[in-house]
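The chain below stands alone and is given as structure tokens, in the form predicted alone.
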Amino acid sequence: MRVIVIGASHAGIGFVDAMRRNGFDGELVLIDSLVGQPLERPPLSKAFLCADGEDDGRFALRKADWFADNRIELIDGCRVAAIHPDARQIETASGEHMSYDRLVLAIGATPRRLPAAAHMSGVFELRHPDDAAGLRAAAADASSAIVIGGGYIGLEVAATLVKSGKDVTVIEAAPRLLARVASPAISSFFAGLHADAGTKVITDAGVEDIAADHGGFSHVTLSDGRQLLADMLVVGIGVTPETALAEKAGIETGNGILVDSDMQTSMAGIYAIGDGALQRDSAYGIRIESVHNAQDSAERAAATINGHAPPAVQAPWFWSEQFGLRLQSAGIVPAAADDLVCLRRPGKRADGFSIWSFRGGELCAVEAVGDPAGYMLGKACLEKGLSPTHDSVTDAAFDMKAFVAAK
């Protein structure tokens, strides 16, 4: 059997790794549009931006010899232009046709762009290693930066730039930071953390215009008329799933490439994994953009194709690191829920805590800052379908570990 994988980030590499670990002996071909060794994505907004660039290989997803040792053919710098499902072939931009028995789409998502900043130098997005390398080079000569977008990526970049001595302003259109992904309590905590570090945070603010001077970024004009000047602009306003290749091939899409619980698309023999895939029967009803989802969906597709047992079901989990503090979260905080109740539980470590979010009496998410034990217990509750009472969550003396173990 010959399996071709399009996309060599966390999902694509996780898939071929799972296939070999579970005894698959057929051909594995991994195609990536980017040139060079595939790198980890989470460090791109953090440690990568601080690195000197001479040893970026330490961020590699796998060492170079891993591909050869596992008989995985890695083809980099190759763009796939079309899928021909009837012939079970893909066509590259250079016109080459490659046959497959199974095809896995791990093509991810693309950063949303601001039309006003198109083709303007000094403006950066952050998705790929090349994006991060460009941002890092520009930051070396900059003293100030504006970040549009107060989600995880925007705040991580802002924290990294502030730590390196830059004057940073974060602009967020929503009334609070992390509005789409975190509870109000966590939003407030990180807003305070950034303010204490010197980040200027502006929420509930629209961007009216992005101006250039001789082709290079100059300033941002907000909807209230304020003008903010900086040496560079970082845009972090979310991503759009890559669906064009699938749509062209007649594969069903809708805010992602639609798949079933086995990661099978509407087209026989074709699977989709990672940020660009959306499970039709997902309990959460949304695409989940995370390293965990990339790895989990990769393992599930591998199990389906290879015939081995799929991984155990886990609650979706995420993490972020800003100013040396790590946020760990499990589950999904409903973005718009009138009946959301968020309760704070003190952690075992000094200043550590967790936020437990409920809809009615049902636990839906746990977010922990400096409290790995609280995170693990909350995650276990979610995976076992347990919902402790509101009073037990806020009671530091309540033995949550015993509560989880008894069920």
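Bear in mind the structure is a predicted one, so any value in this text is a computation, not a measurement. Residue numbers run from 1 along the displayed sequence.
The next section is about a form of this same protein that is not shown, the form predicted together with a small molecule.
When you look in the predicted bound form, the only residue of T304, S218, S290, S187 with a non-hydrogen atom within 4.5 Å of the small molecule is S290.
Interface residue among C78, L258, L114, V181, judged by heavy atoms within 4.5 Å of the small molecule in the predicted bound form: C78. Heavy atoms of no residue among V16, R71 and M263 are located within 4.5 Å of the small molecule in the predicted bound form. For the chain shown alone, W319 is a contact residue for the small molecule in the predicted bound form, at least one non-hydrogen atom being within 4.5 angstroms. In the predicted bound form, no heavy atom of P241 sits within 4.5 Å of the small molecule. Under a 4.5 angstroms non-hydrogen atom cutoff, the small molecule in the predicted bound form has L44 among its neighbouring residues. The small molecule in the predicted bound form comes within 4.5 Å of no heavy atom belonging to V170. Contact with the small molecule in the predicted bound form, defined as any heavy atom within 4.5 Å, is confined among 62 to 70, 342 to 350, 34 to 42, 370 to 378 to 34 to 42.
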